[in-house]
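Okay, here we've got a single chain as structure tokens, the form predicted on its own, with questions on binding and movement later.
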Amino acid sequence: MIEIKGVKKQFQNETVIEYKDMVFEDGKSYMLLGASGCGKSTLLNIIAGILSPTKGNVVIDGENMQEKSQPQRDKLRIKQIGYIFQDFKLINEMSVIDNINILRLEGINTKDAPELLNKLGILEKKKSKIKHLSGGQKQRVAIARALVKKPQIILADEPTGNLNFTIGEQVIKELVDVSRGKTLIAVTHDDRLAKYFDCVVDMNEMTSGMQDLVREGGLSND
């Protein structure tokens, strides 16, 4: 279970986002839906321990992440959280399988990589270089890399942001399917994908501060 308690994030430009308390239950899939700038991606980064809240706490399975050092949070993210980045963060000159096997340097067992690639329909591309793949194929590699460590928590930041709707919809269906039994939190602005998730969280209603500036035309980032 992930609990968000009194979390506020203030940035150096004095932008402040305040989040209402939230609970993400084990084994459910959540869509964080909202306009650009409402704090969706920021929340993912706080849960992952990439960003620290200015105030408040993130509690994962009873452990307060704010009581841990940054190296401890980094270790937890590497071992227990699968993060799917919007820009993939793949190495273009390396093959699909090598982009996954590189996790072995962090002590992660990647023996299940072929099975995951097969479930995602790109096993035949395992020896292809990333630079030769389509956007949808790259996203599937990013999903496989995040899931190979068998995390209980999967965070996906705009997993369809670089894809057209038809391909994006298929990727979301595959992501939800391979994530069953785990806690999946996905950020998106496309409400057409809501039907594939157990719960939809309207982040426009769950935050204050930043989105008010967005409505006034002052910001455009998450």
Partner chain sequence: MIKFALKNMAVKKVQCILIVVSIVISTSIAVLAYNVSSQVSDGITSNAGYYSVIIGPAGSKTQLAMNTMYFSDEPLGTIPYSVAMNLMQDGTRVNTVIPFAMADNYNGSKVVGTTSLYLKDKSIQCGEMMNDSSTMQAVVGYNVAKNNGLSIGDIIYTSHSATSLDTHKKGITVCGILNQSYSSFDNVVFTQVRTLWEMHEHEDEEEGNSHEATVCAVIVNTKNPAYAMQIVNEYNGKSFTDAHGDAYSTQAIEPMDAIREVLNDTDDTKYIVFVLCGIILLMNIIVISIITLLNMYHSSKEISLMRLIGISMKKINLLYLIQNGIIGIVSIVLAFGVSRLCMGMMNDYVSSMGVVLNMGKVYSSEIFILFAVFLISVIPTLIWTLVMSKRDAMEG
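Being a predicted model, the structure only gives us computed values, none of them experimental. Residue numbers count along the first chain shown, from 1.
Absent from the display: the form predicted in complex with its partner chain. The rest refers to it.
Trainee: So which stretch, 182-190, 23-31, 169-177, 50-58, is the one near its partner chain in the model of the complex (non-hydrogen atoms, 4.5 Å)?
Mentor: The contacting stretch here is 50-58.
Trainee: Do Leu120 and its partner chain come within 4.5 Å of each other in the model of the complex, heavy atoms counted?
Mentor: So Leu120 does not count as contacting its partner chain.
Trainee: Taking its partner chain as it sits in the model of the complex, is Gln66 in contact with it (heavy atom to heavy atom, 4.5 Å or less)?
Mentor: It does not: once its partner chain is placed as it appears in the model of the complex, Gln66 has no heavy atom within 4.5 Å of it.
Trainee: May I ask you to state whether Glu124 is within 4.5 Å of its partner chain in the model of the complex, using heavy atom distances?
Mentor: Residue-level check for Glu124: no, no contact with its partner chain.
Trainee: Is it the case that Asp112, even though its partner is missing from this view, gets within 4.5 Å of its partner chain in the model of the complex, heavy atoms only?
Mentor: It does not: once its partner chain is placed as it appears in the model of the complex, Asp112 has no heavy atom within 4.5 Å of it.
Trainee: Given a 4.5 Å distance limit between heavy atoms, list every residue of 125-152 close to its partner chain in the model of the complex, or none if there are none.
Mentor: Those in contact are Arg145, Lys149.
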